[in-house]
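Given as structure tokens, the chain that follows is alone and in the form predicted on its own.
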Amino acid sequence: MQFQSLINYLSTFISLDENEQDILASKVTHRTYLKNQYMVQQGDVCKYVNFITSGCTKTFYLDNDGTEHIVMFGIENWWIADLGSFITQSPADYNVQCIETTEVIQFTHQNLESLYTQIPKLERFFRKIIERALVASQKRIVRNFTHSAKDNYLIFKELYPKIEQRVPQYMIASYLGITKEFLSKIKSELIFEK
């Protein structure tokens, strides 16, 4: 069932025949992480890129003061990893932690490279996914420079309505780069404006 979720997702971008699906199945593993468990920790090498079939994660940087700076959430049909660490096989800058019990399909670096050779259209697929992620990241940086915290919260709600319902408010505040108190104030103002 988990593998079928991946095939269904891939089919919106590329078509894999039965033989290619068998090759893909031989190169991935399924894993369940418990709530609060880490997929990767800062300083460790990210060993897997993960396709989420169920659950919710957060990717964050922990500064020297012990403050979390959340840069990304992940839910069903999203890819999650410290991509820089995974690609270069060097120590991770980010932590990836499960907010809920999370089931994933995992690709090792070696197996993904092998898949690129055996099924070339997968390399194009991953290039497209990484391009999308880069564009989204750049847009977010520009929004952070040009929009108010209130506008950024409204954009977050619009772009990620399923995430807001699943993660605590203090995590959304961290993602937005504001305090949870300021987020509460913004939400109160929005209620008052209605």
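Because the structure is a prediction, the values reported are computed rather than measured. All residue numbers refer to positions in the sequence shown, first residue = 1.
Note that the form predicted in complex with a further copy of the same chain isn't included here; everything after this is about it.
Judged by heavy atoms within 4.5 Å of a further copy of the same chain in the model of the complex, the contact stretch among the candidates 161 to 169, 144 to 152, 23 to 31, 39 to 47 is 144 to 152. A heavy atom within 4.5 Å of a further copy of the same chain in the model of the complex is found for one listed residue only; from Thr117, Gln89, Gln110, Thr101, this is Thr117. Within 4.5 Å of a further copy of the same chain in the model of the complex, a heavy atom is found for none of Lys157, Glu181 and Ile191. At the 4.5 Å threshold, heavy atoms of Ile75 stay clear of a further copy of the same chain in the model of the complex, well away from it. Residue contact check for Lys35: none of its heavy atoms lie within 4.5 Å of a further copy of the same chain in the model of the complex. For Leu176, a non-hydrogen atom is located within 4.5 Å of a further copy of the same chain in the model of the complex, even though that partner is not displayed. Although a further copy of the same chain is not shown here, in the model of the complex the stretch 133 to 164 places heavy atoms of Ala133, Leu134, Val135, Ser137, Gln138, Lys139, Arg140, Ile141, Val142, Asn144, Phe145, Thr146 within 4.5 Å of it, in sequence order.
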